[in-house]
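Just one chain follows, in the form predicted on its own, and it is written as structure tokens.
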Amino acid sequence: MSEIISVENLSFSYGGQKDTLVLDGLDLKIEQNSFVAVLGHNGCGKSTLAKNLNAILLPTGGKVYVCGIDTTDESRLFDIRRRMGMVFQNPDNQIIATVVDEDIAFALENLGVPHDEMVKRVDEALAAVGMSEYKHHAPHRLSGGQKQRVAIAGIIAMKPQCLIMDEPTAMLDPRGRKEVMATVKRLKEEQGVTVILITHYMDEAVQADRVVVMDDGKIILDGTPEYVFQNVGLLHSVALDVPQSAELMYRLRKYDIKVPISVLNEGDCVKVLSELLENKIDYKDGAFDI
């Protein structure tokens, strides 16, 4: 599988001050049609990284290549932006029209897409995010999750190869979060879109193919969710939570109870606990406080 993004020794500071680096010698390669979750506490550099990937920001040092294009090449900025779609935390900041289909068509009009093609793309984008029935609705009357799906539709109508999402579910209720995550996974599976999701929700990160953990402008963990979330102690040390199932396994192991090192979902957790009970594990005379 070929790379869609290559980050080489990337450094970035606001104002160009090398003694206040937000990103510090960061290396990252992202393959096409992958789903990568990026984790880290506030201020670790996640959003700054995302904006460098879309050429909203340019490196202070090092290089970022998008589909082989150097983001510092101003003559190719349009090509980069067409390939890298960006969805932000607050959908109200991206929705500007008073009717859903007009909002999605706005960027296409600016791109000079012919009318017939524009209508086709709008309909396809709405179908992709499950919002076809709201085509003629006013965006301000939609729920948070529905607004975010409209914002996503506005980006995917431009047919990007990669969707970069900066905490898109942070302002949503659980139902809205579920809707957005289902949409993201469907875009990856059905349309081959590469997804980069910045999130602080562990239950979203476990759905990714790969999890990248940042701290102080650097990458400290990078691998499958199973690999990353077995490093509970390290994640705690950088002020990050882990999925509840992984946390329970971690605490059980501290009592020398032999359970798998990485359990990421409720179903597997129930299975492990059932096996513990069936095997009549010795709970050290009842002293079992986790």
Partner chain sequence: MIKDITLGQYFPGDSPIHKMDPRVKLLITLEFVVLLFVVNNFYGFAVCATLIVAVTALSKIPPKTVLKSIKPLLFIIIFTAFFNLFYGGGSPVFESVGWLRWLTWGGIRNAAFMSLRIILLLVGSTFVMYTTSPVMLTDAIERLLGPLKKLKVPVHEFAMMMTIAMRFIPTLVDETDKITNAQKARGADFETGNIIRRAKALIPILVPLIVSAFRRAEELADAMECRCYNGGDGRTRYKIYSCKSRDYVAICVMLIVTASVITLNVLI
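Note that the coordinates shown come from a computational prediction; the quantities given were computed from them, not determined experimentally. Positions refer to the first chain, counted from 1.
This protein has a second form, the form predicted together with its partner chain, left out of what is shown; the following refers to that one.
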Task: Contact residue in the predicted complex, from 54, 48, 60, 230 (heavy atom within 4.5 Å of its partner chain) - done: 54
Task: in the predicted complex, the one of 181, 86, 198, 193 near its partner chain [non-hydrogen atom within 4.5 angstroms] - done: 86
- [ ] Please run the contact check for residue 132 against its partner chain in the predicted complex: heavy atoms, 4.5 angstroms, yes or no?
- [x] no
TODO: Find out whether any non-hydrogen atom of residue 81 is located within 4.5 angstroms of its partner chain in the predicted complex, and reply yes or no.
DONE: yes
Open item on the list: Can you work out whether residue 155 and its partner chain are in contact in the predicted complex, taking contact to mean some heavy atom pair no more than 4.5 Å apart?
Closed with: yes
TODO: Although its partner chain is absent from this view, report whether residue 96 comes within 4.5 Å of it in the predicted complex, heavy atoms only.
DONE: yes
Open item on the list: Please identify, from 88-96, 216-224, 67-75, 183-191, the stretch that has a heavy atom within 4.5 Å of its partner chain in the predicted complex.
Closed with: 88-96
